[in-house]
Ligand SMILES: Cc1cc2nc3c(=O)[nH]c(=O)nc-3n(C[C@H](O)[C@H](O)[C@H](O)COP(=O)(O)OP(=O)(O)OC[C@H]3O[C@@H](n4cnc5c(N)ncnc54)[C@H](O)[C@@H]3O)c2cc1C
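The chain below stands alone and is given as structure tokens, in the form predicted on its own.
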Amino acid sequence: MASANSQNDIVIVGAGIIGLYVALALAQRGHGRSISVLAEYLPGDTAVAYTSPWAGCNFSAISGTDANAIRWDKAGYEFLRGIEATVGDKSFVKRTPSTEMWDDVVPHDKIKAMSEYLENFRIIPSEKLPKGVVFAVSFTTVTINAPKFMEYLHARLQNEYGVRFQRQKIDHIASAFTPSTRIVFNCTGNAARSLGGVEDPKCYPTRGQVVLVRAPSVKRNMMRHGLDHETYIIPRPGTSGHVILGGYMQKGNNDGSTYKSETESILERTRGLSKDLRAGQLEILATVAGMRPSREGGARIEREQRAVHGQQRALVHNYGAGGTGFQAGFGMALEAVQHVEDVLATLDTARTPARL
């Protein structure tokens, strides 16, 4: 039997993209009015410690090569394509042609798995590859306007599903449990390293610096996995020609400052990658840095039991996605929810039709 205060049956700690995806996965199953999201920052906010709004972001092969990453990516691609197809421009997700290149280690098994579901996938002939590139593919990716997509999910969760959001910073995961709480999802990203009751030493930030420019001539997503850098060009949907240029993958670096030398490197590398960027007008709008919530061994999706108010309650950890939260996060959310199927079956919540 559900508690008298069903709004506290399920608590999600964290309102980055991982927390929002978990809320959506639960809401689509009819549990929206049972959910409270507790977070220091909410969609629309900006802070160095609030990583998700700074993301590029797109769907690419930058994620891991393990079975989990491959499974989560496929679910995420299908979800994002469905959002784009059914919601359109209001979602700030857009199908976009993409070219992805490798200078050295090519994850052939991963690419083969992706080729089975990516739209318009093809291998680019070796004679057409730029100097230094050993392998390349093209396909239809999805590009995402990260801050606007988060605001879209936030509004939808509140208005369509009745999810409640509360601005609250907690110092210990036990604080997320009220007497009526049945499940807590820990979606705290980088904070999982220091959050009381979690304190995961495997967590670390991966710093990235990007440059936001206006370059209306750029319509194609491009990525080059170089020997020393990840270089990418990502058109941002729902804007007047805004493009994200990157970037850096600096493990263990939590410096939120930006540096002119890195901006110059990004501009040089991306101009070398795209003739459209070289030929068209380019206006620098902003330079920002963000800390991807990474974890040794990959993301943690795990259930444990906690004694709360004299009863055993479920705590599900879902963090450590690194730079793949937008593309893999919905698949991760589905898996996190599967860990508490038994508890969800006991909640007496009003059911609403599942939808994208």
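The first residue of the sequence shown is number 1, and the count goes up from there. It should be emphasised that the depicted structure is a prediction, and the values quoted were computed from it without experimental measurement.
There is another form of the same protein, the form predicted in complex with the named molecule; it is not shown, and what comes next is about it.
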property	result
Interface stretch in the predicted bound form with the named molecule - options 276-284, 124-132, 191-199, 107-115, non-hydrogen atom within 4.5 Å	191-199
Contact of L38 with the named molecule in the predicted bound form (heavy atom, 4.5 Å)	yes
4.5 angstroms heavy atom contact with the named molecule in the predicted bound form for G208	yes
4.5 angstroms heavy atom contact with the named molecule in the predicted bound form for Q168	yes
4.5 Å heavy atom contact, Y77 to the named molecule in the predicted bound form	no
L26, L315, C57, A61 - the one with a heavy atom within 4.5 Å of the named molecule in the predicted bound form	C57
Complete contact of I70, I83 and G331 with the named molecule in the predicted bound form (any heavy atom, 4.5 Å)	no
The named molecule in the predicted bound form - contacting residues of 286-319, heavy atom within 4.5 Å	G290, M291, R292, P293
